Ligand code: DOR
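Let's start with one chain on its own, the form predicted alone, as structure tokens.
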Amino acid sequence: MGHMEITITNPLDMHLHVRDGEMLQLVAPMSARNFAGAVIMPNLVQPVANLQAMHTYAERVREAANDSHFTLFMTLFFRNYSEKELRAAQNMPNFFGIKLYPAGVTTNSDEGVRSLRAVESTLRHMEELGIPLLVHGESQGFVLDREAEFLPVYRRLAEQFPKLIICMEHITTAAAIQLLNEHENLCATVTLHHLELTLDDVLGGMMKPHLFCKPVAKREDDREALLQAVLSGHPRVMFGSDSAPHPVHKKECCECAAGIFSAPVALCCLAKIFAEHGAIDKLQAFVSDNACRRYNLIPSKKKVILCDTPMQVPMEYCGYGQKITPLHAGEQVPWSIKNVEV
């Protein structure tokens, strides 16, 4: 019996952390190899909050990725930007949108927004100029309720700025899917790990630090709602890995950092999910077409051919003085990448 193959044209990762320095050198090539482009998150230790910082960061990412067929879609860390600054950003070749973090909700977000009312002028300018708003949508409440508590903020933004494209990043709940269906100007990214995991996988037996992320994995009915939206081909749901590498010593310690490193296995694991559910025909839209249509994107040309030959996932990835444990470390994933064509 012959092997099954899936060809994905121009796969995009609409939510990616590649960090900086030595970690950037190690992880950027892994995404560049398998994707035609990615939306690069701005929450470095010194957030990317001005055009010069964005330009120099893009140069560092491009150099580290070392792949001319990997398009960078850069983001600015949200603050009160003037109309002049936003127009200047639009004139920069790699600029994509602005990422809003409520203050303190995740890694390196202490400089985030404390009051949405205080930044309404920036949101109005973004709406007028057609600049997407990407949001880490969590409150400071009880950890399992943080996304649900933030949904009224999304609703208010969607109604107050009806022409603003608002992306609910890495949604994790059935309630978020329900809200998505109520407003045409909302869209959402969904991660691989939230399609695979519930909180039970993280904490139900021995605690697994490499599966700890923010937003935390939720309940089974939430995971099922995400799967249903993705597998049914929801036109405003797109793949964003939220692959977020941390060195092993930052994960295996008493104050474990939040983040799952999924970049090397993302497409193979998605192929497994879509194949198991008889929805291979919906994978192309999820990992590319929906995003291209929503944002009028033209990524680099790249075809990734997946086949149902198992991939052995390494226990760790090492290099540049860094050591990272990937999702599914030491396991066999039933799909692998056969070839990449540019």
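Note that residue numbering follows the sequence shown and begins at 1. Note that this is a predicted model, so its numbers are computed, not measured.
What comes next is about the form predicted together with this ligand, which is not displayed.
Contact check for Leu129: every heavy atom lies farther than 4.5 Å from this ligand in the model of the complex. Gly240 falls outside the set of residues with a heavy atom inside 4.5 Å of this ligand in the model of the complex. Put simply, His136 is close to this ligand in the model of the complex: some heavy atom of it is within 4.5 Å. A residue is said to contact a partner when one of its heavy atoms sits within 4.5 Å of a partner heavy atom; Thr107 meets this definition for this ligand in the model of the complex. With the partner left out here, this ligand still marks one of 196-204, 209-217, 157-165, 67-75 in the model of the complex; by a 4.5 Å heavy atom cut-off that stretch is 209-217. The listed set Ala266, Leu100, Ala244, Val230 contains one residue whose heavy atoms approach this ligand in the model of the complex to within 4.5 Å, identified as Ala244. Contacts with this ligand in the model of the complex, taken as any heavy atom within 4.5 Å, map within 153-185 to His170 alone.
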